[in-house]
Each structure stands twice: as structure tokens, then as C-alpha cells.
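Heads up, the chain below is alone and in the form predicted alone; it's given as C-alpha cells.
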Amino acid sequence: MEALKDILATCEEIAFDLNFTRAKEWKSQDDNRVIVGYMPIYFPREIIHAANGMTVGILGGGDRKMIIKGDAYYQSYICHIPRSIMELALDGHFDSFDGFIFPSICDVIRNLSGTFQILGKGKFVKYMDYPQNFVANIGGEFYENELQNVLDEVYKINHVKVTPEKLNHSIKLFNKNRELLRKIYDIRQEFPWRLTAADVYHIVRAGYMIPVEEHNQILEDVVYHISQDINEPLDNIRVVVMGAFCEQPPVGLIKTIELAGCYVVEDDFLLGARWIQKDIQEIKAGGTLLSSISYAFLNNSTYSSSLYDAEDPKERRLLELIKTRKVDGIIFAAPSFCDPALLDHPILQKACEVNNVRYISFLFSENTGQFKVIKEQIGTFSDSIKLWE
């Protein structure tokens, strides 16, 4: 059993390895292995794993990569993450990748997928549309067809056929991964001082860069350690952070929130790792290969600004989350120019006002370097709740 501090140091190193060393080493061990990069928010990693592949999260360079060439590809009023990803692509960081998935988030990401195609990055580039109709024989079939298109592209590269047995094995591994992540968040709900929000971020982000088998072992070790009575509690309020589901906040910002007197017990950072809220069922006789994956997306997805949810409004689900996590307030932290998040925030904030839920709101970019003003705002927010509750 590794010491917790060693695990956290390893996860931080892996999480921000912009050369994707672990993934490239994994691929080099077998000629039939493939690496598929994918952008946030969600992609069913199980299907690539079953095809002898590994999905790698493309999360931008954060504050660790200076943007020079990438600025030439996008306007100044566009969010930061596509320019950051272009910088990584133009500097050769993705040269060993076999394909790229760009899930449907916004027009900026759609255009980014087209730019990758023009530049000839990878052997295939897929802009992944998601269903807006959640009826199984309409939206479900559409979604299965989209996933099958991805598998067809992978098959052209390594000629590995995905069977129900292989996919069931992959489903079990990722079910375990989500279960362990839920345990970490549940333990931190009661004892948030046992693991900082920045530590959790590094742990989850590391899972985007290494094989799921290796990540599951890390998560099991973390659960063991934080199940012990470690560290001392502080007089912090408990908060949810919402809005950072695509472009990721700087780790310095996450640390600032906690230093300002908050325990982040729930968030939508790296939301794709916890997107499916229940176990995906294994494929049964008579079902199609991708039916379980499709069912899980249609019925067990979390809520997000990028997901069509007219029949189950996200403001209701946010209020339910607040009650479940027993939080004192919400921090709406959205990337500058993120249309999906910024269009939703007035709706969510109105629901907070109607239900007497305290909140604060601000913007960031992934390379934000100064947090003094944000710390003062959050500190005032935290103190006001502690004083007047």
C-alpha cells in the first residue's frame, strides 16, 4: 500500500504530463494497440478499451503551455481551450495518437474537429453528435450508430473486433472506476479535510492519462487512506462548484477556493469520468452490442449545460444535488466566453434565489494566473454564510 502523499505526487505528475508519456508507453507494448484522444465532456471509454485501445483526455495545456501559434486559429472572443489544444497539436504532442473524438459541446469544438481534419491529425477525426431525442428507438439508435462509426474507424487501424465478451469486461472495469470515484466523493462529503479538492482533481485527471486498470488500483488505495481518521477539520463552508465542465480551471484556482474558506465537496470538473450515475449493465443475449452503453446514456446521465434535458430541468437536479451533498452554497465558475455555461447560469441562479440558496459567480480561463480578487470575493462569501447562518 503506497503512502497517500506518494500517490498524490504521482497523480499530479501524470495529470499534467502534456507529452502523454504513460499512454505512449502503453501503446508501444503491442502493435495492435491504439490511442484515441477525446475532448471533454463525455465519451464512453468502454468501447475503445474493448477494441484494444485507450482513450486519453485532451484537456488543454492549462497554465503550463504558452499559447503562440494557437492564437492564430481562433478569435480573441473564443474560449481559451481550443487555442491551447491547437498549440499542443501544432507542437507535436499528439503525433502518436491514432484518432480523435470531439463530443458535441458547442460550435467552437465542432470547428476544432474540422481543423484537426484539415491538418491531418490522426488516422480519423470524429465530431460526436449526441441525441436530443431520448426515445430508445430514435435517439438510442442514433447514438449506437454514432458509436459504431467510431468502432469502424478503430477496426480499420488495428483489425480488432469488439465482441460482447470483450465489451462486458470493459464495462466491469469502468463500472468499478465510477464506483470508486463515488466513494471518494461520498467520503469527502462527510470528511472533506481528509483530501483537498486539488488532490481529488489530480487523482481524477490522472485517470484520463493511464489505463483504467492502473487507475482503479490508485483509486482503491486512495479510498483506503481517506477511510482512516486523518488530518484536522477547518472552519470551512461546504460548496458546489459549477460551470467548469469543459475548459478546466487552473489548479491554483481550486486551491484558492479552499484557502478562502470553502470545502469543495461537489464539482463538475472532469465531469465525463462520473457522467454515468449508475452501473452500466452487461450485454445480455438478444441485445445489440452497444445497447447497454446507449441505455446508460439515455437514462443514467448526469445533468450538464451540454445535454438536452427539457423533460428533466437541470435546475431541479442542481437543487437535488445541493440537498444530497448538504452544501452551504454554490460557486458558479465558468470559463470566459463559454456559451453553454453562461446561458445556463441565469436559469440556475434564479432557482437558487427562489429556494434561498446562496451563490457567487465569476469567470476564469485555463491560464488564469492571478487569484487575489477571486480569493477576496470567495472569502467574503464564505464569511457571510458562517456569520449569518
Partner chain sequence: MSKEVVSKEKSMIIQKEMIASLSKELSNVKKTGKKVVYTFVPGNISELIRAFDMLPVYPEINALQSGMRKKSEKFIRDAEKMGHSEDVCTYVKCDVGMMINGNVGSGGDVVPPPDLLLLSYTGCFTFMKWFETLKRLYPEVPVAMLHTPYQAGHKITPEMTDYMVKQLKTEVIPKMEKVSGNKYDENKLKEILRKTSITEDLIMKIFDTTKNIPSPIDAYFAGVYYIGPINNGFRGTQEAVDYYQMLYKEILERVEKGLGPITPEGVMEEEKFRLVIEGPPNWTHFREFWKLFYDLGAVIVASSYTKVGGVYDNGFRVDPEKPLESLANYCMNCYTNLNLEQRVELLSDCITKYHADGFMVNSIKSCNSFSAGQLMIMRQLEEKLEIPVGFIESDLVDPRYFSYSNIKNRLESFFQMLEQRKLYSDK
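Residue numbers count along the first chain shown, from 1. Note that the structure is predicted; figures quoted are calculated from it, not measured.
The form predicted together with the partner chain exists for this protein as well; it is not shown, and the discussion that follows is about that form.
Asp339 belongs to the set of residues with a heavy atom inside 4.5 Å of the partner chain in the model of the complex. Within 4.5 Å of any heavy atom of the partner chain in the model of the complex lies no heavy atom of Pro250. Residue contact check for Glu141: one or more of its heavy atoms lie within 4.5 Å of the partner chain in the model of the complex. Contact check for Ile101: every heavy atom lies farther than 4.5 Å from the partner chain in the model of the complex. Proximity to the partner chain in the model of the complex, taken as a non-hydrogen atom within 4.5 angstroms, holds for one residue of Ala273, Leu290, Ile171, Leu307, which is Leu307.
Distance criterion of 4.5 Å from any heavy atom to the partner chain in the model of the complex singles out Lys314 from the list Arg205, His93, Lys176, Lys314. Heavy atoms within 4.5 Å of the partner chain in the model of the complex are found in one stretch of 344 to 352, 322 to 330, 47 to 55, 26 to 34, which is 344 to 352. The three residues Cys106, Gln117 and Asn133 all sit with a heavy atom within 4.5 Å of the partner chain in the model of the complex.
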